[in-house]
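In structure tokens, the next block holds one chain alone, the form predicted alone.
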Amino acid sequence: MPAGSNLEAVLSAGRFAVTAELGPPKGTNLGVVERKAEILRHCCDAVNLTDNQTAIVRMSSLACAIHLRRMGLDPVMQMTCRDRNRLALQSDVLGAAGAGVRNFLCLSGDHQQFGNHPGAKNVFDLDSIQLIQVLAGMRDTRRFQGGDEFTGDIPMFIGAAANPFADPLPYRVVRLAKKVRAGANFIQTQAVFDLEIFGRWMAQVRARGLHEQTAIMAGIVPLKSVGTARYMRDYVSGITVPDAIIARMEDAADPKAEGMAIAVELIDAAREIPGVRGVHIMAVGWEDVVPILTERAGLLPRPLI
């Protein structure tokens, strides 16, 4: 059953898709969400709502996704296994689907020790692959994971994350294959800075035919400063930032402009790699840059399907 989301329609039409991340506020001001949503409205096909990203408490992805749906945008509701058990996760899916949310991204979630509640207990009742299976089962059989039937349809376009850069590298495509087999319709990757490693990973993806079973979208993070680049290289697990990019940011008279130039180059390069069907832009609080990047990369206007 088609999910009926705009993201699904763009990918199904064979168009190069664009998604962007919107970080919910650390507070109750929905106006923040609305301002960011209006920035992203015309430059991407769907908007990801992060779910307590980096284990920091923020407005829920569920509430923000429903709000974006009411604004006429196509939300991607991110769901982490860190904070909720299978009852809560399935309950949230029912609520979101009932409000018209169609895209769901299944994630494990950053460990709580990285966030603002390091003493919090994690849950991990399900892992991300199991969550994909649960959602696919709900969609396809109208049954909860425990076997009971429920009423109503849940048209869902199910997504997952993939990291081509985390050790051990040879097993990254194996993990991707498990997510595809579980039912992932689209994949958003970790930030791509090292095109050589990403290209090798995509070659493995193509060798297994996975690019024909799911839509691979390359993660793009625009850099604001050399400090950001170094932090990602040194402290963010699974991100590889080549020395050449660090050097460009160090030598730049205008680091933000250089970061945007690098991001556009990475988008251009990703589009040339066979099997890549879109990009996912993670601006990390710098949503204002997304319209500029997509315009410079020749990705505007977005298709109306």
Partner chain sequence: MIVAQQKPLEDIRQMARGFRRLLVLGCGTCTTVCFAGGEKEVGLLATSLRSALGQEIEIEEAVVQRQCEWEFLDQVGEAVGRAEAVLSLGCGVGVQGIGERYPGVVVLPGLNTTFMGLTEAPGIWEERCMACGDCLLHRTGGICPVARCAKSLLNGPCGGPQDGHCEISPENPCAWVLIYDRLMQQGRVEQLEEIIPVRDWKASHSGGPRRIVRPDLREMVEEEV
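In this text, all values refer to a predicted model and were calculated from it rather than measured experimentally. Residue numbers count along the first chain shown, from 1.
This next part talks about the form predicted together with its partner chain, which is not shown.
The closest heavy atom approach of residue 239 to its partner chain in the model of the complex falls within 4.5 Å. In the model of the complex, at least one heavy atom of residue 108 sits within 4.5 Å of its partner chain. When contacts are judged by a 4.5 Å heavy atom cut-off, residue 172 counts as touching its partner chain in the model of the complex. In the model of the complex, no heavy atom of residue 213 sits within 4.5 Å of its partner chain. Every residue in the set 114, 125 and 178 has a non-hydrogen atom no more than 4.5 Å from its partner chain in the model of the complex. This chain appears without its partner; in the model of the complex, the one residue of 196, 153, 167, 148 with a heavy atom within 4.5 Å of its partner chain is 167. Of the residues 133, 80, 228, 188, just one reaches its partner chain in the model of the complex with a heavy atom at 4.5 Å or closer; this is 133. Checking 72 to 80, 218 to 226, 197 to 205, 114 to 122 against its partner chain in the model of the complex, the stretch whose residues place heavy atoms within 4.5 Å of it is 114 to 122. Contacts with its partner chain in the model of the complex, taken as any heavy atom within 4.5 Å, map to no residue of 283 to 297.
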